[in-house]
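This document starts with one chain, in the form predicted alone, laid out as structure tokens.
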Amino acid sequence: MAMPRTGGPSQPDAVTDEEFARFCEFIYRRTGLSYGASKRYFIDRRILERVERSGVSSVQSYLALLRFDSTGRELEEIINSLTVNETYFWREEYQFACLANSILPEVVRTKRRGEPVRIWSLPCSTGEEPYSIAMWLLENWADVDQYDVEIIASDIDTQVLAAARQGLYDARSVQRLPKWVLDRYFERPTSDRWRIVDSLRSSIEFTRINASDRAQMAKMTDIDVIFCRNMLIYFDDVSRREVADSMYSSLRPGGFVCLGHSESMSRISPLFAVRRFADAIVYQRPAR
């Protein structure tokens, strides 16, 4: 005779249209990230995974947990599961060449030797971009030792920030780096892993920032160059403009923004001037 099953309540195996819409609206209000029907399968999977792991019995209960969780821990978990962190060292390196050859020489015209040069990587993901900036400047900017170069790296995802601080990478992440760069700036703890040397890891300041949170963004000031590549494509028009306004406020007059190759600030905000350098097109907060 078959015995009845015992245990906890069964888990839902689907997300309704109403639940999907409520979830997307909640995430949009909290992060500025905009998800539509094309991302339905991806979002549904993440919701159902968090329903199971959080121990609630339904998607509706999970949405209530998200809304009323005073600790913010569950929001952090779901954001970590939603963010895409596809990157590698020296990605779109022509912008690093532009930084060393054109942007920084212009930035330091108004600075005295020894003054800070502040560069911000947003979002920094697992750290390949800010470490790439540091390595490129050490090798290619003749005045790197004449100024106090500060590199700040921020992301909304706490898991990728932890990985960035650790500085441990696999073969895919380092595939574009020449051997001499690997030999100079990395250690080999195992045959298939490379770790950024301690001196370079300690030179980057990693911080958690939600780019759609104006109060958090306002804490970043006197920035000379912002690398904000391939993030704004995940925002809608309103959120893009709000983030652009925040970056404008964070920049020093005359500061620069580097976007991803498929992004254009001209379609987002009228506040920035287009600058066409030999290596790349970038965007500038006017000096006056």
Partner chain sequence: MPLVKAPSGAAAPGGGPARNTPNRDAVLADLTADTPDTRRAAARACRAFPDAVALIAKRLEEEEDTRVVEALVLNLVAIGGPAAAAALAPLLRSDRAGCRFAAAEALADMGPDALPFFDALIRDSDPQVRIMAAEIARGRVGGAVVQTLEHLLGMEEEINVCCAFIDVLAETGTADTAAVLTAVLDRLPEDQFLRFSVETALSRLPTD
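By rigid core we mean the largest C-alpha set that fits within 1.5 Å across both forms. Positions refer to the first chain, counted from 1. Keep in mind the model is a prediction, meaning the values are calculated, not measured.
Below, we turn to the form predicted in complex with its partner chain, even though it does not appear here.
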Close approach of Y147 to its partner chain in the model of the complex, 4.5 Å, heavy atom: yes
4.5 Å heavy atom contact, A218 to its partner chain in the model of the complex: yes
Tell me, yes or no, whether Q166 is in contact with its partner chain in the model of the complex, where a contact means a heavy atom of each within 4.5 Å. no
Looking at the partner-bound form in the model of the complex, is T158 within 4.5 Å of its partner chain by any heavy atom? no
Pick from S202, N140, Q175, T110: which has a non-hydrogen atom within 4.5 Å of its partner chain in the model of the complex? S202
May I ask you to choose, among R53, R45, R67, H261, the residue with a heavy atom within 4.5 Å of its partner chain in the model of the complex? R67
Stretch in contact in the model of the complex with its partner chain, which is absent here, among 93-101, 167-175, 75-83, 207-215 (heavy atoms within 4.5 Å): 207-215
Across 225-256, the residues having a non-hydrogen atom within 4.5 Å of its partner chain in the model of the complex turn out to be D236, D237, V238, R241, E242, D245, S246, Y248, S249
Any CA movement of 2 Å or more for D279 between this form and the one not shown, core superposed? no
Threshold 2 Å Cα movement between this form and the one not shown for M220, core superposed: no
2 Å or more on the CA of I268 between this form and the one not shown, with the rigid core superposed, yes or no? no
Checking the C-alpha spacing of A211 and E25, a student should find that in the model of the complex it changes by 3 angstroms or more, with the atoms farther
I want to verify one pair: L161 and R29. Are their C-alpha atoms nearer or more distant in the model of the complex compared with the form I supplied, knowing the change is 3 Å or more? farther
